[in-house]
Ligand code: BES
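Shown next as structure tokens: one chain only, the form predicted on its own.
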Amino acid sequence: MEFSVKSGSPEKQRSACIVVGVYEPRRLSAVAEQLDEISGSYISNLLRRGDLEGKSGQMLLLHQVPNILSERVLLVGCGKERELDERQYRQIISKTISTLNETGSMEAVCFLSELHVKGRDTYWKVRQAVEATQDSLYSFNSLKTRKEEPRRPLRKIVFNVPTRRELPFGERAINHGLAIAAGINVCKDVANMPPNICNPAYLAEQAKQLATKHDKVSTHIVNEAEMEELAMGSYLAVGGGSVNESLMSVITYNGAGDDSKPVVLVGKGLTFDSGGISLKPGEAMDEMKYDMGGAAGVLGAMNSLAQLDLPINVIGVLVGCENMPDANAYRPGDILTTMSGQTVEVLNTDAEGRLVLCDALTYVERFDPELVVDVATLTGACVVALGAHATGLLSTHNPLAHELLNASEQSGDRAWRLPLWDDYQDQLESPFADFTNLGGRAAGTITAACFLSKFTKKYHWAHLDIAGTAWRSGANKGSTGRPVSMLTQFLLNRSGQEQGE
């Protein structure tokens, strides 16, 4: 897909299709008014006849509009002008791209990037349009023997900006949007891969491939033998029931020289989570291939980072493992010794994500990090609390939490902060070990983060629980690519590259 920006009058556009907005009720946008005047009120006459009300997402494709150079004009319903917000804007763009892809228009000039979205500038609108376009066109069909493709798919789209002064911001938005969308697609591809293909070794191979593509990236794979030497007893216990070796992939991006402390991203990579001895219910168990969504998100963000060539040091850790029931599997009642030396009483083997993450969080101390963010499909309780709309955010460091929340709002990849008070730590008390791996049903997302916080005393740390946002269920089942956009925005901000204007 080819993207570009330009600043031009709608009547001068010669294209397969020109895209303009119509507000509710039947009110033409400024650009649509210009086209209507040139066409001798052709468009407004259609609207008066009731062909399009202007409700958000409505589409009306016109052919051979009088005096218009473009072959087609696509009228897009944008709802009420004053109510057009970020979410609705992205939805409109997605619906527009899907429609264009089905019309046979192989190229289009889109004026929706000139719509007024409260508090958002040209950079934001163009970048969101690029990301929404790539998301709309994504499909995972690499394992299908018969692939259905549009006969004449959309191949080129031009976003129009109001003035020539805004062209540099639009061009920058396209570069950023393409890099982020590429990382999102990497995340989706890896997460959607079935668990008989995507195991810890597969994750490690993806990490190695990233290093071969970019000079500033290097990769180190920590195998089980090295984990034994490091006394990562908790991590090893979780993978003990699987024939697939646990592998932790450490991806280093050096964009700021050796003197700059790294930002560390740690992603939970349970390539399949059966629940272990505490076996999960059979319904929708296939979706437990998405329990490596955190690792997929970190891998995607590292891809975006490398493509953007940001002046920052970042280490991405993919905590690869598989949780299976077996004669060698760990059991409820076991007491594990973590890499930190702290002991954990296992109450439920399905609370395994925190048991691999805790050793990874101890491991990354060696990098003397500026900060650490872990990303994990950690708790069903987060789905109950926040649904599929917001990622759960918990942190022991207020400035870091605020940075991540700001990045989530900028990117549209939203997060919501939950408390991490010491009051909740009591739920993890154990009569036999330092603490348990389960805090009970109440406040499950918070007690899981409380568990992780016991291993993060030596640096600033935040935890992202993406259990509700990493994938969709149902007929449109698949990875969402979240939170790549939020993480990349966070890194853009950290490296001073965030400003569109």
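Predicted model only: the values in this text are computed from it and were never measured. So that there is no doubt, residue numbering starts at 1 and follows the sequence shown.
Only in words, not in the display: the form predicted in complex with the named molecule, which the text now covers.
A.B. asks: Which one of Leu236, Val109, Leu154, Ala381 is close to the named molecule in the predicted complex, taking close to mean a heavy atom within 4.5 Å?
C.D. replies: Partner contact (heavy atom, 4.5 Å) among the options: Ala381.
A.B. asks: With the named molecule left out of view, choose which of Ile277, Ala211, Met288, Leu230 has a non-hydrogen atom within 4.5 angstroms of it in the predicted complex.
C.D. replies: Contact residue from the list: Met288.
A.B. asks: With a 4.5 Å heavy atom cut-off, would you call Asp413 a contact of the named molecule in the predicted complex?
C.D. replies: No, Asp413 stays farther than 4.5 Å from the named molecule in the predicted complex.
A.B. asks: With a 4.5 Å heavy atom cut-off, would you call Thr377 a contact of the named molecule in the predicted complex?
C.D. replies: Heavy-atom contact with the named molecule at 4.5 Å: present for Thr377.
A.B. asks: In the predicted complex, does Leu420 have a heavy atom within 4.5 Å of the named molecule?
C.D. replies: No, Leu420 stays farther than 4.5 Å from the named molecule in the predicted complex.
A.B. asks: Though only this chain appears here, would Arg127 touch the named molecule in the predicted complex if you measure heavy atom gaps against 4.5 Å?
C.D. replies: No, Arg127 stays farther than 4.5 Å from the named molecule in the predicted complex.
A.B. asks: Using a 4.5 Å heavy atom cut-off, which of 349 to 357, 129 to 137, 159 to 167, 367 to 375 contacts the named molecule in the predicted complex?
C.D. replies: Flagged stretch: 349 to 357.
A.B. asks: Given a 4.5 Å distance limit between heavy atoms, list every residue of 464 to 484 close to the named molecule in the predicted complex, or none if there are none.
C.D. replies: Going through 464 to 484 in order - heavy atoms within 4.5 Å of the named molecule in the predicted complex - the hits are Ala467, Trp471.
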